[in-house]
Ligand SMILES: NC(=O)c1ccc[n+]([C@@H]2O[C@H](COP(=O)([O-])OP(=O)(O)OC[C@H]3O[C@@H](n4cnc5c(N)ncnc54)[C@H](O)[C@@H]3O)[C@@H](O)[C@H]2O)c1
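Below, in structure tokens: the form predicted on its own, a single chain.
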């Protein structure tokens, strides 16, 4: 198969979808790998490393899309890329369709095959290609939140872990999944007073068992959230519904209950956000303030630590990329059920129900395409 790796062009996105090591694995299986010039530089990989691995460097993004049967990316295509995508071309990347209708319509119009990292799902309901970036984003949420609590950045002026004789900051985490768990570990390690809210009692029992003593669990409901936001210094939104828009757990009116300088970090922003006043920001302009509350809503947080993020992501995606390259998307999906829910759009039809429902668009059962 002919595989293309374009350079990411989203604002301050420095990750790359394939490392030289990954390129070598694909090349030794007989595939042709084309990497756009300087695609890996932001993550610390030079063009020469790719050529040594057997890949070919192409000078432009247009050439990379033109030649490839399968495009491997990190983030969803943005508007300048829409016209480059070809009918029947396989795109393997994060899409987060349910949060952005123009992207969904553009991919439907392209008649490409869109296989989304975030909805690849194992039999135990885990999301193997979302986990590594969720781990990075969860940890970064505390790093960034602690930073923006500083007074020069319009925060409350609180040190996350406090000092002897001074209470630590109160951190509220909405969601006890991968993001929430990693955020809790980081916040606890820095000495904060941490509360995780979730709707699953089994999950909270697990977290209560494994977390240190400065982490508490609490049932997530509107009443409890309203009470907790009054006292929190840093709030992390860590809620995910696979493939669907995140629910608004913090509404605009709740901001009036918060202390001035409270910091909100919405990790779910690329799926619509679980904070009503959240809107996607960039690493260049990461925050804005509403009602004296600092909002940090960067949609590609792991892009700020591209070396770590690229290695973590490609460790997870490469085995699936190899299957897709070896067998094609249809046979690979027939042989590996994990890939089936990853299929979101095929040849102009939406085959992932939550995406179709998000925009009231027609839905087609994916089995139409997988049946022999």
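Quick caveat: nothing in here was measured; it's all calculated off a predicted structure. Positions refer to the first chain, counted from 1.
As for the form predicted in complex with the named molecule, it is not shown, yet the points below apply to it.
Q: Tell me which stretch of 266-274, 227-235, 80-88, 147-155 has a heavy atom within 4.5 angstroms of the named molecule in the model of the complex.
A: This holds for exactly one stretch, 266-274.
Q: Each of 176, 299 and 302 within 4.5 Å of the named molecule in the model of the complex, by any heavy atom, yes or no?
A: Spot residues vs the named molecule: full contact, yes.
Q: Going by heavy atom distances of 4.5 angstroms or less, which of 195, 220, 99, 93 would be at the interface with the named molecule in the model of the complex?
A: Exactly one listed residue reaches within 4.5 Å, namely 220.
Q: Under a 4.5 angstroms heavy atom criterion, identify the one residue in 293, 184, 74, 137 near the named molecule in the model of the complex.
A: The residue from 293, 184, 74, 137 that makes the contact is 137.
Q: Given that the named molecule is not shown alongside this chain, does residue 278 nevertheless sit within 4.5 Å of it in the model of the complex, heavy atom to heavy atom?
A: No.
Q: Answer for residue 200 alone: is it within 4.5 Å of the named molecule in the model of the complex, judged on heavy atom distances?
A: Residue 200 belongs to the contact set for the named molecule.
Q: Just to confirm, residue 114 within 4.5 Å of the named molecule in the model of the complex by heavy atoms?
A: So residue 114 does not count as contacting the named molecule.
Q: Report whether the minimum heavy atom distance between residue 172 and the named molecule in the model of the complex is within 4.5 Å.
A: Heavy-atom contact with the named molecule at 4.5 Å: absent for residue 172.
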